[in-house]
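Just the one chain here, laid out as structure tokens, in the form predicted on its own.
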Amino acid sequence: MTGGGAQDFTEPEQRKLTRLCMQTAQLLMQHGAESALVENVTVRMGEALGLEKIQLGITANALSLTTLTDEHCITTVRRNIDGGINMHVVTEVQRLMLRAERREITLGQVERQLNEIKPLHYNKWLLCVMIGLSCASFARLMGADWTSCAVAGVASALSMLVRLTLSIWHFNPMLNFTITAFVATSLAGLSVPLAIGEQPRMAMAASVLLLIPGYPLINAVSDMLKGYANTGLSRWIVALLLVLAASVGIFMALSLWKIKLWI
């Protein structure tokens, strides 16, 4: 395969390699990779394919990439459309880059395998059950009794089903979080008037933990610490807006059902 240092390419060949590098960056950025990882993997992929130099510019919603070989530059710009966090895509792209560096695959195979990388989605029913068990476990860690843990588990599992359904229908993420938080708080809040469990407040708190945008917050801090302030700040703002949307849903449920208990 092409690799092992910079080589001379015709313009059509360089354009093809540029598109492959951009596709690599897009897959990583769209599915939740931090900016430093996106740049590192993209540059290494280009060098493995024989390009002399690769420059990648990353912003919140766009990518610009320039390749250089034999003193000839080609620049391309692509819009970054969020595809949802999916570590399967990120790891598969990294594995492909490593195989290209070791010259285990040809250029044609790199192109074909990049096109074949698709997000891995778990069965939604399994996902809802695991989310329910996770939130119930959090309730238990906070000291809730077993009945309150069960309430938290059922409320979070059903609200996760709502969240997944709204995602399939392409609802705005902010609206999705608001509705999901409202459903989770409403279901867990039923334990107050029905006197189910000894710690209904903990059940209500644990039932909305599935809405904490932990990964975007981690990426935001990582980006800012590694010098990608623009993408870090944008990710931070999006994460804060998601938290605000969830808070609105919780407040709406508490106000509508006149639930006074809360942590």
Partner chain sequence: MDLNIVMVLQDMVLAAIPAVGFALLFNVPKHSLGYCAMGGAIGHGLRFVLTHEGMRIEWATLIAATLVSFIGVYWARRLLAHPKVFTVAAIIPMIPGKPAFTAMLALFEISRSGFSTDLQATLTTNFLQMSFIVAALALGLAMPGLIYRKPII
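Positions refer to the first chain, counted from 1. Worth saying up front: this structure is predicted, and the values here are computed from it rather than measured.
A second form of this protein, the form predicted together with its partner chain, is not displayed here; the remarks below concern that form.
Candidate from 103, 95, 72, 78 lying within 4.5 Å of its partner chain in the model of the complex - any heavy atom
Selected residue: 95.
85, 174, 190, 162: which sits within 4.5 Å of its partner chain in the model of the complex by any heavy atom?
By the 4.5 Å criterion, the partner-contacting residue is 85.
Flag this candidate site as yes only if 130, 142 and 260 all have a heavy atom within 4.5 Å of its partner chain in the model of the complex; otherwise mark no.
Looking in the model of the complex, the three residues 130, 142 and 260 all sit within 4.5 Å of its partner chain (heavy atoms).
Looking at 190-198, 62-70, 47-55, 32-40, which stretch has residues with any non-hydrogen atom within 4.5 Å of its partner chain in the model of the complex?
Flagged stretch: 32-40.
Close approach of residue 122 to its partner chain in the model of the complex, 4.5 Å, heavy atom
Yes - in the model of the complex, heavy atoms of residue 122 and its partner chain come within 4.5 Å of each other.
Just checking whether residue 109 would be counted as a contact of its partner chain in the model of the complex - the rule being heavy atoms within 4.5 angstroms.
No - in the model of the complex, heavy atoms of residue 109 and its partner chain never come within 4.5 Å of each other.
In the model of the complex, is there a heavy atom of its partner chain that lies within 4.5 Å of any heavy atom of residue 138, even though the partner is absent here?
Contact with its partner chain, yes.
Indicate whether residue 219 is a 4.5 Å heavy atom neighbour of its partner chain in the model of the complex.
Although its partner chain is absent here, residue 219 would touch it in the model of the complex, with heavy atoms inside 4.5 Å.
Suppose contact means any heavy atom within 4.5 Å; which members of 205-226 contact its partner chain in the model of the complex?
Sequence-ordered list: 205, 208, 209, 210, 212, 214, 215, 218, 219, 221, 222, 225, 226.
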